[in-house]
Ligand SMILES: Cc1cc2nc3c(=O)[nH]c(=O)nc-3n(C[C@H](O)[C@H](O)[C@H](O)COP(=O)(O)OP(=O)(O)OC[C@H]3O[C@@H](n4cnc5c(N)ncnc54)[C@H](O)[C@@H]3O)c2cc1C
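One chain follows as structure tokens, the form predicted on its own.
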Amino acid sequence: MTERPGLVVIGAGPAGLAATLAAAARGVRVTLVDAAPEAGGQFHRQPGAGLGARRTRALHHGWRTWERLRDGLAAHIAAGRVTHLADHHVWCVEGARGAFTAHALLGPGQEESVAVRADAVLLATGGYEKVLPFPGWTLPGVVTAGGAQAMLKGGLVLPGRTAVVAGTGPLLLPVAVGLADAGAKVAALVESADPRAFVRHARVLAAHPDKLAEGARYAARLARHRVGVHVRHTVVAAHGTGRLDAVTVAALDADGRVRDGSERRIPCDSLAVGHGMLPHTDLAETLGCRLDGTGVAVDDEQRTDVPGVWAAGETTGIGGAALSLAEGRIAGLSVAARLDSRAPEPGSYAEAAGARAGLREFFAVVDRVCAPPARWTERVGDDTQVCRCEEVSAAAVREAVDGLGAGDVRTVKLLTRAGMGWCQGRMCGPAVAGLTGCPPTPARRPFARPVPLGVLAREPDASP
């Protein structure tokens, strides 16, 4: 085994699992590193074994696909072709062609570190949610849409008894349905986009009847639960003393402004809100990979411009589980061929490449239709907290530009500390960029997550 070329896959979601299975099946020794206790990623997140869940399947979409991935991974692990390092948080990847090292923290206190050495790296680090601030968004009871879904899937708990699901994007539908199916009262689903805008893209939609059918099934389940759906609406404010007890929603006009007199107050004890997703690119940026927009730039084989580094799934652009599976398979096949110093066989991933092209086109339409409202910054009052970690207000961010002459996000950060906290700007970065009118810029941090000084002070043990 040690004589076979080695691949480290970072991330065990759909893309990472598909890549691992494809590469291992063709003789590549794979080390799969993931931060979660079990494989699956956010899409196939599993409840803890100690919870004794009996009907896990009811929480998931695409269960048969998950079974195939899970069983395939187990078979490769049993055969010695794959090593799965769960609960390992990769904080840095260094090296160059043929000699990479992934450094990961492990353990409850994350005070230990291991180093995984490999000939090639595949980044399948997924994405994270974009949440734009509004008055009251820091109240307890306000969570991200994905956070509510993670609580339900991973912890079998609800964020509250009465929920409002709001924002924009396709994630809102499964979150609202999942909460309602689990027993929560979903008082409203508030979508800022106008579904009628999809009509202009009828050709692309017609090529994906499975997606249309999926949306129709979600809509039918919402109707059965009597969930009110408000399109071209947005959450104007969240209210409560110490905890959320209501939200105000309002209709939007064609320019994205709130329509006068359309405000409506909805009692609730939880708000699941999200405005789309962004790719996780920290490790790619550290390695020097070029970005294409917000995602990692890749070629037809999912190779980055850094030799020996591949990327697949939502780190290259947000597109859902099916697209991640297609990209992961292509990347795994490419790695297996390239580590043998040959090009992939013609047609070896033709089916996956066809699926990738169609799904990328589909989600490009979704991105255009489900963009956040154009005028969202007008509803962010000066006293609204923008950076939660450092408690920086919208007034301070605006003053950095209007009063102190900042012309980029980095300068705003230096002047206000917005983005200097624990999340390193992942939560507030889009908001700061929107409020200042400055384009977001790659961070190029040396570390992808906080690292104890004790780990940096000692040489980590090498992995097997």
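Please read these numbers as outputs of a predicted model, since none were measured by experiment. Note that residue numbering follows the sequence shown and begins at 1.
Here the subject shifts to the form predicted together with the named molecule, a form of this protein not shown in this document.
Chemist: Quick check on this chain: which one of 435, 396, 427, 35 has a heavy atom within 4.5 Å of the named molecule in the predicted complex?
Modeler: Going through each option in turn, the one that passes is 35.
Chemist: Looking at 163, 244, 283, 298, which has any heavy atom no more than 4.5 Å from the named molecule in the predicted complex?
Modeler: Filtering the options by heavy-atom distance leaves 283.
Chemist: Classify residue 149 as contacting or not contacting the named molecule in the predicted complex by the rule of any non-hydrogen atom within 4.5 angstroms, answering yes or no.
Modeler: Residue 149 belongs to the contact set for the named molecule.
Chemist: Wondering, does residue 23 line up within 4.5 Å of the named molecule in the predicted complex on heavy atoms?
Modeler: No, residue 23 stays farther than 4.5 Å from the named molecule in the predicted complex.
Chemist: Is residue 322 one of the residues lying within 4.5 Å of the named molecule in the predicted complex, judged by heavy atom distances?
Modeler: Judged by the heavy-atom cut-off of 4.5 Å, residue 322 is in contact with the named molecule in the predicted complex.
Chemist: Would residue 416 sit within 4.5 Å of the named molecule in the predicted complex, counting heavy atoms only?
Modeler: Judged by the heavy-atom cut-off of 4.5 Å, residue 416 is well away from the named molecule in the predicted complex.
Chemist: Which one of these stretches, 371-379, 266-274, 229-237, 174-182, sits within 4.5 Å of the named molecule in the predicted complex when only heavy atoms are counted?
Modeler: That would be 174-182.
Chemist: Could you pull out the residues of 117-138 that have any heavy atom within 4.5 Å of the named molecule in the predicted complex?
Modeler: Residues within 4.5 Å: 124, 125, 126, 127.
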